[in-house]
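Single chain ahead, written as structure tokens, the form predicted on its own.
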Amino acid sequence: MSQRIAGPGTLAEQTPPPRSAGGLSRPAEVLLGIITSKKAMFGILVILMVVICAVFSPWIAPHDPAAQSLAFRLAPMFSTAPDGTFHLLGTDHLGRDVLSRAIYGARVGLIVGLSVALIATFIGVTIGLVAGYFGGWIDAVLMRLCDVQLALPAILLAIAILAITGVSLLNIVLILALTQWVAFARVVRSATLSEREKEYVLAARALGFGSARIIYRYILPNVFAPIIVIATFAVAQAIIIEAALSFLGLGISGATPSWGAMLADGRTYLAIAPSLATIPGLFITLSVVGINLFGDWLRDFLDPKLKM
């Protein structure tokens, strides 16, 4: 017969889904919190907009983002080409539709942001759990590794590695993930140090459960709330760094629409066509602000001290 520890990490296995003081289920409580918060609603709407642009860009974009028309280059907003095609946000220096490229650029931002957050979460959470649970020399070595990583500026480290390995979407994702895991590791380690001394962990040890089972089945569920919050901010930060690398010419190929590459192309024409730089800049700003606002609300929502 299998044995279970009656600790916080196993409540979901023994009881129905948790309900709030008002009798609402957890999903209903989250939905109500989003609806009643302007900050959360704005963040969710922005995130949905980015996701829709990324997923449905072939159907939303009015034109092919790679189609060029040198005879109708640097057209202002609300322009109509000689062939009758309408360009809401004008065209760039190669005659490509700016709105279409901005919509397709959400793909790169979303892929990089989510991929970096997932990989950094896995690396950082694993290191934080191991360091916090075992302590001793293992904790000391892993935390010194965090200190070394923090001493290296993320953007400079990314530039140096990309100069050696070459530029590709996969390399950018892996490099950015390697610069984002420290925040996860430090927060999870701190929470694990507190959780490992609680009664349910001590009971699991007394029953002979292995360290891996205790860490991932009992401790991890109880330190998961801050992980979700940090992950949302990691998505926003990854979008900014990817755009910065593209602006510096170290992003993915210029043929692939990305907001950073659009910024880099537009800076040359700031005097005669400022919209070429301001439009992708607005897309980046709106996306990052929306994600950060949702993460800020999520942090407040998951903090029990703010509900007292």
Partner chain sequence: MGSYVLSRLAQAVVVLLAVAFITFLLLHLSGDPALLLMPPDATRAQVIEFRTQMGFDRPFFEQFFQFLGRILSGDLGYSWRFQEPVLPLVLERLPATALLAVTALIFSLIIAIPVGVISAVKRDTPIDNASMVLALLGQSIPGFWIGIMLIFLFSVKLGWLPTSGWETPQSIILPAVTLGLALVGRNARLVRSSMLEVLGEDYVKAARAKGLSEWRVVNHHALKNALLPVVTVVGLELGILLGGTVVIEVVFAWPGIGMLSVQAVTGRDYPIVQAVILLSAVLFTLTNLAVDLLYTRIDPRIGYK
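Positions refer to the first chain, counted from 1. Computed from a prediction, not measured in an experiment: that's the story for all the values here.
Just so it is clear, the following notes concern the form predicted together with its partner chain, a form of the same protein that is not shown.
Segments offered: 91 to 99, 125 to 133, 141 to 149, 196 to 204. Contacting its partner chain in the model of the complex at heavy atom distances within 4.5 Å is 141 to 149. In the model of the complex, at least one heavy atom of Thr165 sits within 4.5 Å of its partner chain. Taking non-hydrogen atoms only, Pro62 never approaches its partner chain to within 4.5 angstroms in the model of the complex. In the model of the complex, Leu170 stays away from its partner chain, with no heavy atom inside 4.5 Å. Proximity of Cys53 to its partner chain in the model of the complex falls outside the 4.5 Å heavy atom cutoff.
When you look in the model of the complex, the only residue of Ile47, Ile34, Ile252, Ile240 with a non-hydrogen atom within 4.5 Å of its partner chain is Ile240. For the candidate spot formed by Val182, Ser190 and Ala225, no residue has a non-hydrogen atom within 4.5 angstroms of its partner chain in the model of the complex. Scanning 268 to 296 for heavy atoms within 4.5 Å of its partner chain in the model of the complex gives Leu270, Ala271, Pro274, Ala277, Thr278, Gly281, Leu282, Ile284, Thr285, Val288, Val289, Asn292, Leu293, Asp296 in sequence order.
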